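Only one chain comes next, encoded as C-alpha cells, the form predicted alone.
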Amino acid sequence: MLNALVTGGTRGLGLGIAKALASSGFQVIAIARNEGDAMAAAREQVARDGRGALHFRTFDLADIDRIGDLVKTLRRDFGGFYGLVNNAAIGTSGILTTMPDSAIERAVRLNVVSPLTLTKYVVRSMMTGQGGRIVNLSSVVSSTGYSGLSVYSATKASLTGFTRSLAREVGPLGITVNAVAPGFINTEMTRDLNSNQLVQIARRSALQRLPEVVDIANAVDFLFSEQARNITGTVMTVDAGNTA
C-alpha cells in the first residue's frame, strides 16, 4: 500500500482529499494540529471499507525547524512516501495597508515556507522509490486577484512557480508535481464571504454554481493515478467555470 501525506487533512478540503485517496487504496497520513470529530469518524469509515487506510498525526506546520524530524518519524512508522498533498494554509483576509506585519509573516510562513520545507524532506524519501506524486493546493485568486486577499493570493501564486520549477527538478526521477487551483467553495476558507457574495460568484461561473469539496478531491485523486503519469508542471483549475 503506497503512502500519501496530506497536510491540513482533518477537515474541509484536506479531509475530503484524504478520504478520496484512502478510497483509492492509499495509506493516507493526515497531519494537522488537532484531529477533530470529523477525522475520527472518517478513520472509522475507511477502516470499515477495508480499501486504503487513514491515519492521523498531530503537528503544527508553523514549526518549520521540526519538519525534518517529523518526516523522519513518519518514515520510520510508515515507510517511504509515494505522494504528498500540500493543502494546509491559512486564509488571511484584509486590506494590505491595515494588515499587521505579524499576520503577513504568519501567512507566508504557513502557506509558503512550510510546504516548501516539507516537500524538501519528503522528496528525499521519494528519490529512493519508484516515482511519486506531489500536488500543491493553489487558488484561482492567485491569477485573478480578489480585493482583500492580496496576501493570501501572493502565497498561493508562489506555489504555482514552485510547482512548475520543482516539476523540472524531479521529473527525471519519475515524480510528477502539479497544482490544483480551486475556485470559491463553501468551506472555512470562505467564511469571510457572506452568502450574497457566494451567490454572485456562482452566477458569474459558466456552470452557475460553486465547486464542492468532492470536486477538488477528485482532481487530486486523478493526479495521483496512473492515468495522470504524464501530467506534470500544470495547474488544474476547478472552479465551475468562474475564470472561463
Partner chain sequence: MSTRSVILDEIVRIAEQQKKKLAPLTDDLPLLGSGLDSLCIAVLVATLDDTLGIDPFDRDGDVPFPVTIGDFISLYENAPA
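Everything numeric here is computed off the predicted structure, so don't read it as measured data. Residue numbers count along the first chain shown, from 1.
This protein has a second form, the form predicted in complex with the partner chain, left out of what is shown; the following refers to that one.
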Exercise: residue 124 in contact with the partner chain in the predicted complex, heavy atom 4.5 Å: yes
Contact test in the predicted complex: residue 106 vs the partner chain, heavy atoms, 4.5 Å: no
In the predicted complex, residue 169 touching the partner chain (heavy atom, 4.5 Å): yes
Contact of residue 69 with the partner chain in the predicted complex (heavy atom, 4.5 Å): yes
Stretch from 106 to 114, 84 to 92, 151 to 159, 126 to 134 whose residues place a heavy atom within 4.5 Å of the partner chain in the predicted complex: 126 to 134
